[in-house]
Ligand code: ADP
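In the form predicted alone, a lone chain appears below as C-alpha cells.
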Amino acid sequence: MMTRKPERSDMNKKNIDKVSLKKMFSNNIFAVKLLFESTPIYGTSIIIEAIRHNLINFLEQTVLVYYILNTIEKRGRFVDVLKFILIFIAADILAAVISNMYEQFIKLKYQPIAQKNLKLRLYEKAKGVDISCYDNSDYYNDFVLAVSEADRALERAENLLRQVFGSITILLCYGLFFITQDILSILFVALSFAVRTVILNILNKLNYRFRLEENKLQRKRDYIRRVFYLKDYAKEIRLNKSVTRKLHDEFREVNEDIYKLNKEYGVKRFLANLSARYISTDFFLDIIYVIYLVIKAGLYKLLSFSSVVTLYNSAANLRRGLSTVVDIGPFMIETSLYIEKIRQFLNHSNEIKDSREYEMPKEPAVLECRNVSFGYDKEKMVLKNVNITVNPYEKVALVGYNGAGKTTLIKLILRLYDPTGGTILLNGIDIRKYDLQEYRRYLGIVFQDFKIFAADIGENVVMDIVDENRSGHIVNALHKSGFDDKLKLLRDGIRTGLTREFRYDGTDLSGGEAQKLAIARIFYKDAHFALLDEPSSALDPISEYQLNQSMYNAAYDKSVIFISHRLSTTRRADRIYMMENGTIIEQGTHDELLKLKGKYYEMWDAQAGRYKEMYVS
C-alpha cells in the first residue's frame, strides 16, 4: 500500500533540452493528422474560422479606421463614409452568423467525436500491450501521461491550426498594410519577436519539466485520495487506525513535495512570464515606437495623421500576429514533447510476438513445459527448469506455498509473458508459433484476483455484449458454477446490473458469489483447456466441495490445471505437481505423494483436520 517517494528524472530534463526540428514538425503533423483522420470536417472548419476571425478584425480595426480618418483628413463626403460603414456592418453580421454556426454546431458535434476516436485508439492499444509493460514504472508513467494528454493533444492540434492560419492571415494583411504605409515600422515589431522567442522557449521548457515532475507526485496523491473514498478500502481503514495515520503522513508529505516543487519552479516561471510580457512588448513597442512615429510625422512630415493613428493601433495587431508566430515555435516544441509520449505508446512494439505458422488443434492436446525458466527481473529467476506435462482431458494440480511460482507458470502458459529459458509446447509445437489470440481462445482462465465489471451478469459471463440467442448458454454456465441459486433470487436474471458504480440499484455480490460468477466464464467459453488459479479461495468448505464436484463433472471434455492451497481441490487430480522456490520438487497422484512423506504430505497433514472427515474413502 505504501508507495516509495518518487525521484526526479534527470533523464527527462536532458531529453527536453534537445528537440530536433524534424522531430518537432513530425510530432505536430502527427497531432494534426489525428484530428483530420477523426473528423476532417472539424479540422477544415477550424482553419476557415481562424482565417475569418482575423480577416474581419483586420478589415474593421485597420481598413475601416484608416478609410474614415483618411476621408475626414482629406475632407471627403460623409455619405461615402456612411456607405462604407454599412457594408462593414453587413459583413460583420454575416461573420457573426458563421462564427455562431461553428461554435454551436460544428464544434459541439465534432470535437467530442475526435476525442472519442483518439481515446478508443489508445484503449485499443492499451488492451494489447504486454503485461510486462505494467511492471515497468517508466513505461507506466508514460502510459498514464499519454492517456491523460489525449484530450489535450487534440486541443493542441486545434490551437496549432488556429495559430498557424490565424498568424498567416494577420501577417499577410497587416504586413501588406505596413509595407504600403511605413516599412520601417515592421522592424520595431520584429525586435520584440526575437526577444519573445528566446524567453518563451525557456518558459515552455520550464513548464514541461514542472509537469513531468508534478505528474509523479500527483499519482501518489491521487492514490491516497482514492483509498479514502473507494469502497474497497472502507473496512480496512475503519479497523486499522495506524494505516490511516500513515496515509495522512504520506498525504502531507506528498503535498509538501508538490509545494516545494511549485516554489522551486514558481520564481523561474514568474520571471520568464514577466520578461515575456513587459520586456518584449510594452518597452520595445509602446514607448520606442510612439517616439518614432511622432518624430516622423511631426518633424519630417513623412506620415499623415490617419497613417500615424492607424499604424499605432495596427502595431498591436501586428504584434499579436507576430507574437502568435513566436508562440508557435515553443508551442510546437511543448506539444511535440507530449505528443511524443502518445506516439511512443501507440508505436510500442510488444515482446510477445504473434505468429500464424501453425493452426490451433481442434481438440484438447498435450501441453508440455520443458525446462521452463523465468524471471520478472532477469537477474532473479522465479521459475527454474520447470517440467510438467498435461495430457488431453487430464486434470492436473499445481500446489505449493505462496511464492512458489504457480501463478507465474500459468501466466507463461497464457503467453502473458514468454519464458526466459526453455519452451512451452502444445501438440508438440512451440506455443509462440500459434496465432496469439487463437491460442488464448483455446484456453479458459479464472485468476484468483479476477474482476467483476460494472455491467450486467450476462455481460460479466460472456465478457462481451450479450447475444440474446446465447442466454440459455449463460444460464447453463452459471448453473455449472453454482451461481444459479443466487440467480433465482434476482428479478432481472442475467440482466441484473452489478456494482453501484453507475446504477443506484446495482447488485453487489459477496466474495463467494463473485467467484462463482467468474468461474462461469470458463464454462461459457468454448475452450479446450481450463486454468483455474485458486478457483474456490472465497468459498466455505461445503461450497468448495460442491463446486469441485461440479467443476470436475462439467470439465470432463477439457484439460484442466488447478492451482490451489486447499488440497481438497487437488485430491482427485490425475497428477499433482508440488512446487517450491520455482521448481518442481514432487509429482504424482494424491496417494503417491502421501506415501512419499515429503512436502505434499506435510501440507496435507496440516490441512487434514478440515478434509479427513469430508473425504472418507
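In case it trips you up, residue 1 is the first one in the sequence shown, and so on. Note that the structure is a prediction, hence the values are computed from the model and not measured.
Just so it is clear, the following notes concern the form predicted in complex with adenosine-5'-diphosphate, a form of the same protein that is not shown.
Of the listed positions (G403, G266, G298, G428), a single one reaches within 4.5 angstroms of adenosine-5'-diphosphate by any non-hydrogen atom in the predicted complex, namely G403. For the residues T169, T408, S185, S307, the 4.5 Å heavy atom test against adenosine-5'-diphosphate in the predicted complex is passed only by T408. For the chain shown alone, V382 is a contact residue for adenosine-5'-diphosphate in the predicted complex, at least one non-hydrogen atom being within 4.5 angstroms. When contacts are judged by a 4.5 Å heavy atom cut-off, Y376 counts as touching adenosine-5'-diphosphate in the predicted complex. Residue contact with adenosine-5'-diphosphate in the predicted complex: Y417 places a heavy atom within 4.5 Å of it.
Segments offered: 337-345, 320-328, 394-402, 473-481. Contacting adenosine-5'-diphosphate in the predicted complex at heavy atom distances within 4.5 Å is 394-402.
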